[in-house]
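Heads up, what comes next is one protein chain in two forms, each shown on its own as structure tokens, labelled structure 1 and structure 2.
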Structure 1
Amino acid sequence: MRTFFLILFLVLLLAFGRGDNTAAGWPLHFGFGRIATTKEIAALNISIRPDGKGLPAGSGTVREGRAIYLMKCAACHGSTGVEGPQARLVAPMGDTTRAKAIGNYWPYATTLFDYTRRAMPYNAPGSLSAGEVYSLTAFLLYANKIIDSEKVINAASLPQVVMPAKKFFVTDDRRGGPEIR
């Protein structure tokens, strides 16, 4: 069987060349699509680092976040973030359910913002404004007993939030394999 695949590979290699698609009759361009503009690429470059670099302008409060949560999140995560049917969001440090949630597992508050902005709500990912995401982040941090109810969350204050689980994460300092730094 192994010999069959080796022979098949060699036949295909001879028929189609070693990456020179024009020799096999393939065009260099298929005539559809176009090169993305710098502006289009920048619009999709929305990564947020743990130190807050990349956070957009805007702000949000717990009060605003609670209202947005009930409208756009409660159907999947429950009215308080613990009922489901989807992932549990609220489990403050010390919670005995052993569920991995924002309050007892996530190492950076900026990750919460980044994930929410990219992937939520499930039926319309990426549809939330920066202010809505800041407000939802504030509400979820409050629900997990990480910030108080009066805290305003924005690009300056969010990276300053210390997540309770951060101390349990270990930096990957392995050497000797393919390294991405």
Structure 2
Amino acid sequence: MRTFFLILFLVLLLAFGRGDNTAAGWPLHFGFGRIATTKEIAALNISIRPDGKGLPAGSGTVREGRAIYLMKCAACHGSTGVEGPQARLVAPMGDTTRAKAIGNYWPYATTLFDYTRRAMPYNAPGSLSAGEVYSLTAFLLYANKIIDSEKVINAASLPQVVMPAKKFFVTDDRRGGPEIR
């Protein structure tokens, strides 16, 4: 009897056991790679969603942002954010420029924090503290006439900032077929 159950167990193990083949000879899991620890995920995960998820602690002001901007950003973007030589950052909605800047084109304020923290300054990406990035974000939103000069920008206030260009964005509706869109 014991032998019978042992054999039955082995047969079932073969049929349904962990990592066993599907009909196509493809296992449910290969078991390659290692489980990521919470700590290593936290170290890499710098993404920020439009609802503010992912924004770090800290805060910034327009005043501090202006000082950091003049020191670390103005050489490429111009002292008021319009002169270049690199991308123009300042163009309040309604400005006559054709340039796509923060005020007249960017649909989400959180993107400003995310991109600045990831990629700026160009010659030293990833070097700014959370507070510095919040301050720069505040200054650029102010320069684009989106917030007033006293507004403090942090994880709670940034996702609340409504960007003027957001209302223009629509999802791609090209679908192939004979119609040109």
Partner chain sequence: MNKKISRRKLLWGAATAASVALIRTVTGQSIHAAVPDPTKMPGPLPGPVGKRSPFEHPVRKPSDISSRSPLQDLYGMITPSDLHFERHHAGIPAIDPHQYELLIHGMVDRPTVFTLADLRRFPALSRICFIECSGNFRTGKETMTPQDICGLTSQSEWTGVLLSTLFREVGVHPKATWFLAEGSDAAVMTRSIPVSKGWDDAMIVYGQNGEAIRPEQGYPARLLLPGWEGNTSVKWIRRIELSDQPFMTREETSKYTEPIKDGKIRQFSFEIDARSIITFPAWPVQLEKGWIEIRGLAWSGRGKIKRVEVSVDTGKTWLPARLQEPVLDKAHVCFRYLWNWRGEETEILSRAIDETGYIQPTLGQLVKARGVDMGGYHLNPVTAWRIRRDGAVLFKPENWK
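Just so you know, these numbers come straight off a predicted model, no measurement behind them. Here, residue number means position along structure 1's sequence, counting from 1. Between two forms, the rigid core is the largest collection of C-alphas that superpose within 1.5 Å.
> The same chain appears twice here, once per structure, so which copy is the form predicted in complex with the partner chain?
Structure 2.
> Using the rigid core as the frame, report the C-alpha movement of Asp173 between structures 1 and 2, one decimal, in Å.
After core superposition, the C-alpha of Asp173 moves 7.4 Å between structures 1 and 2.
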